[in-house]
Structures are given as structure tokens and as C-alpha cells.
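Shown here is one chain on its own, the form predicted alone, set out as C-alpha cells.
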Amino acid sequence: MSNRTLHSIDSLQNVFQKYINEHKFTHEPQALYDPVNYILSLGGKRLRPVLLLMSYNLFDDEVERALPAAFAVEIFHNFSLLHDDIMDEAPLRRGKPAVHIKYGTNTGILSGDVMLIYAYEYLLKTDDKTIVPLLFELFNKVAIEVCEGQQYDMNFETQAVVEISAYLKMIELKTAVLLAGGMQMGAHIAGAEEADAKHISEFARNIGIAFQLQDDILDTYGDPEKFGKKVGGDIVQNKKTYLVLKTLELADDTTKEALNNLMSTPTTDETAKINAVKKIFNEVNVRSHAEKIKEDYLKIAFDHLDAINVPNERKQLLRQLSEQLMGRES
């Protein structure tokens, strides 16, 4: 292991973006691949591939060796977004027309399918062929769990009662496991010891759950200009977030009935609905409960980061990025 070069987050984003630009899908028929290039061009923070590269960089400097796997993770993530948008009938993705709106539903389904296959193709490009079976094993586990998480999320839409433990499992599967699997793959490509690869995976899994809990909190209590999307959107869509489920656990019967009515009745006055639900949240002080469980997951994450057998200075960027993500706006 070398201790010479610790890449900054910006430099990793730039290295990865350059790789995407150099690997556009130019095959025929372009009608199949144009939507792939389109959704990959919509940007975002590239959090998942950058975290994979950061995981690699904990143990080795030559992050270029992990670029194919990082691209595989980004392709898979965008494949899942493409199909999620079709299932949700979502008109927009990152402020632009969703793929199925721009190119049609059938093309969207087929382009998503080919993206999943190319995710495997890029895993195969890993230069150390001896670890490709392990990468496939990790990737398959993640892919299955992401699908399971999506199904749980769909189930919750029509389920009258959702346990908090079931909700936490759903966000683990839908959000956290891809972060965990990607970082574990990055560690293995760098030649990390098995114990260290497991610690980085557990770090990412717990950070992912904390991140989603933070998202739940900010959806109600965030500053819309800093949050990046409309505050109260989850309430308007009647989503069973941690705030809703914990309030139902804490509230008396009258308050439970009021919240259930608000979260199941259509409304034309979204602002009034958001304010009424937020008032109930405040009555039971649910935000403090959400902050507490988020901090519990963060502590577990950082305990795993501390346990990784590399110099502390190599862990600082991951710690800083995590704290930055958690402090987006509260």
C-alpha cells in the first residue's frame, strides 16, 4: 500500500466524469443507446462511483484501476432510476424530462435492460481477473436487494400499518446497500484485507441509512433553497416516512386518527396539509427522535471507519464527505 497520493473529492469527480465522457454508448441502434447517454448526462453528484473510488484510495493510489467498477455502479444506479421513474410515472429526473417521457415507455424499458447488462460488462473490465467472481457475487447481492427494497417501498403505499423496523429495512435495501456494495468492491480491487473491506461496507451501509433519515427530516424541516427540492413533498405524496411512522407510535389515539386522515385524504390545499402534519410532528417532538436515530447510525458508521487498518489521514476525506452530506441543511 502506498501513502503518497490521497485524491480530493473534486479530483475523483473529475477523473470519473472524464471516464464517462470517454465511454459514451455509440453503438447501433442509436435509438436504444441515446436514452442511456441521456440519463448518464443528467449528472448529479456521482456519489456512488466517487465513494467506490474513495474506498479504493484508502488502500492504494492508482484509482484508475477502479474506474470500470465505478462506472458499473453508476450505470446500475441510473438503470434503477430509469425503471423507478417508469413505475412512478414521474415526469422529471433531475429537473429534465424523464427517459420514458422523452423517448417513450417501451424504449425506456429496453434501454434500462441494456444498461443492466453493460454494468456487468464494465465489471468484467477490472484488470485483476482473479477478483471478478467476487465482484460479481457482491454486485448480484446488491442488485437483488435493491429490487427487494423497491418492492417493499411499493408495498408500503397500500399497506395500512408499516412497522418502523420494516421501513428501516426498506431504506437499507433501496438506498444503503448499493453504497455498501460499491465501497466493498473498491476495497477489494485495491487489495484490501477482508476485515477492512467488511468495515468499509458497514461504514457505507450505516451512512446510507443515516443519509435517508436525514432526507426524511429535511423534507419537512429543511430550507427549500438549500435542500434542493420542495419541502413537504413526502407529506403531499402521503409517504410513510420515519417521521410519520414514529409519530403514529408516539401519539395518542386522537392524534393518530388526525394524522391518518391527513395522510390518506386527497387535498387541493397542499400548504395547509403540510402545515397541519408538521404541527402534529411538532406536538410529539418527532424531529428529535429522528435526529437521535440518525446519529446512532452515524456513530456505528464512524466506528467502522475508525476500525479500518490504514492511517487516519487517509480516512479524513470520507469523514469530511459524510459530515458534509449530513449537514446539507437542517
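Note that the structure is predicted; figures quoted are calculated from it, not measured. Residue indices: 1-based, along the sequence shown.
From this point on, the text means the form predicted in complex with another copy of the chain, which you will not see here.
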is_contact(G43, another copy of the chain) in the predicted bound form, heavy atom dist at most 4.5 Å: no
Another copy of the chain contact at I101 in the predicted bound form, heavy atom, 4.5 Å: no
Proximity of Y33 to another copy of the chain in the predicted bound form, heavy atoms at 4.5 Å: yes
Non-hydrogen atom contact Y118 with another copy of the chain in the predicted bound form at 4.5 angstroms: yes
Non-hydrogen atom within 4.5 angstroms of another copy of the chain in the predicted bound form for each of V15, N21 and I75: no
Listed range touching another copy of the chain, judged in the predicted bound form by heavy atoms within 4.5 Å, from 92-100, 185-193, 106-114, 252-260: 106-114
Proximity to another copy of the chain in the predicted bound form, single hit among F211, Y242, Y221, Y152 (heavy atom within 4.5 Å): Y152
Proximity to another copy of the chain in the predicted bound form, single hit among I86, V236, V231, A166 (heavy atom within 4.5 Å): I86
Partner contacts in the predicted bound form for 122-149 (non-hydrogen atom within 4.5 angstroms of another copy of the chain): L124, K129, V132, P133, F136, E137, N140, A143, I144, C147, E148
